[in-house]
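What follows is one chain in C-alpha cells, specifically the form predicted on its own.
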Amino acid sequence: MEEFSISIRQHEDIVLLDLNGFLDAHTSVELEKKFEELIARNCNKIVVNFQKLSYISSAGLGVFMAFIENARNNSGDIKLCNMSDKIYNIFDMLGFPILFEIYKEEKSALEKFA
C-alpha cells in the first residue's frame, strides 16, 4: 500500500495542504486531525492541493464533508485544486462540485479568497 502525507504551506491568511499518496480509511484519520488542528487555530481559509494524490476512498471524501460547514460558518472555506481526472471524476460522480469550489490551478483557488 502506498503511503500518505500532508505538507503545509502558508499564503497570507490561507493555509495550503498538499496531499500526497493514498487517502483511504486508514490514512483519512491523519487528514481529519490536520483539519481539527487548523479549525481550532481559527485557520478557516484552506486550499487543498491534490496534485500528488493518487487515490481517495469514501472515508477520505467524508473528511471534507465533515469540515466544510465549520470552515464556512467561521468566515472561511475549503477550496480544492489540481485534481487528476481520476480523482475529479470520483468527486463529480458524488456531486461534490455542487458543494465545493474545485479549481484546475492553485493560483485560481487562492485568488477566490481575495
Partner chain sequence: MTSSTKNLARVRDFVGKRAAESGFDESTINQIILSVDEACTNIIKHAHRYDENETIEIETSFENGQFKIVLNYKGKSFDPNGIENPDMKEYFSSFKVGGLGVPIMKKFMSKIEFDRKNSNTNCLTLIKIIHS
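Bear in mind that the values here come from a model prediction, so they are computed numbers and not experimental data. Positions refer to the first chain, counted from 1.
One more form of this protein, predicted in complex with the partner chain, exists but is not displayed; see below.
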query	finding
Contact of E37 with the partner chain in the predicted bound form (heavy atom, 4.5 Å)	no
In the predicted bound form, C43 touching the partner chain (heavy atom, 4.5 Å)	no
Non-hydrogen atom contact E30 with the partner chain in the predicted bound form at 4.5 angstroms	no
Contact test in the predicted bound form: S57 vs the partner chain, heavy atoms, 4.5 Å	yes
The partner chain in the predicted bound form reached by all of D13, M83 and K107, non-hydrogen atom within 4.5 Å	no
Stretch 92-114 - residues with a heavy atom within 4.5 Å of the partner chain in the predicted bound form	M93, L94, G95, F96, I98, L99
